[in-house]
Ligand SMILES: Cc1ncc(COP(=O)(O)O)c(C=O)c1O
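Before any questions on how it binds or moves, here is one chain, the form predicted alone, in structure tokens.
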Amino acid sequence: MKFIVDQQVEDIELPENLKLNTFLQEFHSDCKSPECKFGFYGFAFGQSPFHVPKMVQNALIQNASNGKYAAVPGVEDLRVAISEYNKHYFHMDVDPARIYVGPGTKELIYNLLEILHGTVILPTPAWLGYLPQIRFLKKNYHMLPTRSNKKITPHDLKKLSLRLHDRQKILIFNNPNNPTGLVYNKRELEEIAEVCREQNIIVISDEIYAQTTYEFENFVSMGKIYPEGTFVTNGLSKSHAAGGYRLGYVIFPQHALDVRRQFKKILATEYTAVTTPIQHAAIAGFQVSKEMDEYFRITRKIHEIMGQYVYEKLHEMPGVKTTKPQATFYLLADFNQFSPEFNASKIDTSQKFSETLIQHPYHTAIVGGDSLVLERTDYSARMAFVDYDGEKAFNNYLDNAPKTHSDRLEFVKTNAPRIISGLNMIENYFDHLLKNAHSQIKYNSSEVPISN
């Protein structure tokens, strides 16, 4: 019997993160070198390395027997806890009725795009999950490239918006930003919000990394600056190292009662409600407590230490430019200085760059520019600095928090040797690339091939 798949699904490509994962699995099954058995240095996958907070784990165990369906918007106690969490950490006084819980922010963003009319504005570089959703839903969209500082400007946003004739536009705004690790300050948010009000742009503000902001007091939510037009999404995956729990939430704008009603219909139709035991576990995670404060403080300090090390090591490599992370566990590295050498070696796309870097003898995984909604010939790459045992590092920090630069360097050496080795491999890769390219240039300029 032949099964016919809907053309809409046929046209969708595998998401870049899964495509990369498939490539890695296939490559290592084919690689014959003994060195392939150790795997690869992982700068590609953005998963927090830390343990799920113990109080969250315990709450999940205690609620394992709760098999009842939850209310579609979420368990009431959880929505109250999320409201208090936002009031305490983000200084937003949000009625629990404005909060809906879903199976991860990825699904909630998809649900919002389902019900909201309008052309989508997507700043680039971008998290690799946004564009596949936009395409799957057949939404009209326009890219909004960032400037050299890797942030969008009010001027560019307004200029693009004036070209769009929809009554309503949708800006997907990721702050703190994946892949750059940058954070928008209050003034920048206010200037963007001013354009949004003027141009009737609603904002889906993906703030999943908010709690990872290194200088946490500097983080400001777009929901506080533009409450009447912003949908704020957040969840457990990054701040609580609980991606596998699949729980996120959305805060609706003020006075968006009808949108909430429509959203409820979508949730009830697609998945009824988030797993009940997981929701009760999340209550413990979102309750304000000294234990959670300490967990957030230590994890963000370790992210900062690792990010600073990766930033400094990449900056030591001639020709490499990077963003300096202020949050998250990523930075964006710019390798475009090597474009002539890439081309001389027939590496003409960022995808090929990623593929050659994972091959023997380098064994290093990154996410290349085309996966970040950049041009295929943009040799930028997202570098995730999470390839270490997070629980071990957490406990070591608890026992002896590094105070000086040399202490922090020793902390990285002790707790993240794979990050160090991976960066050394990247340096080796570019040494070899330069030598190979120069050999090619000499060979091509000579009438007689140069022998080895």
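Just so it is clear, the model here is predicted, and its values are computed rather than measured. Note that residue numbering follows the sequence shown and begins at 1.
Heads up, the form predicted together with the ligand isn't pictured, but that's what we're talking about next.
Trainee: Does the 4.5 Å heavy atom contact test between Asn178 and the ligand in the model of the complex come out positive?
Mentor: Heavy-atom contact with the ligand at 4.5 Å: present for Asn178.
Trainee: Under a 4.5 Å heavy atom criterion, is Pro53 part of the interface with the ligand in the model of the complex?
Mentor: Answer no; every heavy atom of Pro53 is more than 4.5 Å from the ligand in the model of the complex.
Trainee: Can you work out whether Ser237 and the ligand are in contact in the model of the complex, taking contact to mean some heavy atom pair no more than 4.5 Å apart?
Mentor: Flag for Ser237 set to yes.
Trainee: Quick check on Trp127: any heavy atom within 4.5 Å of the ligand in the model of the complex?
Mentor: Yes - in the model of the complex, heavy atoms of Trp127 and the ligand come within 4.5 Å of each other.
Trainee: Okay, which stretch from 170-178, 257-265, 92-100, 210-218 lines the ligand in the model of the complex, with non-hydrogen atoms inside 4.5 Å?
Mentor: Every other range fails; the passing one is 170-178.
Trainee: Going by heavy atom distances of 4.5 angstroms or less, which of Thr105, Gln287, Ser371, Asn86 would be at the interface with the ligand in the model of the complex?
Mentor: Residue within 4.5 Å of the partner: Thr105.
Trainee: Exactly one residue in Lys151, Arg246, Lys139, Lys301 has a non-hydrogen atom within 4.5 Å of the ligand in the model of the complex; which is it?
Mentor: In short, Arg246.
Trainee: Is any part of 38-75 within 4.5 angstroms of the ligand in the model of the complex by a non-hydrogen atom, and which residues would that be?
Mentor: The stretch touches the partner through Gly46 alone.
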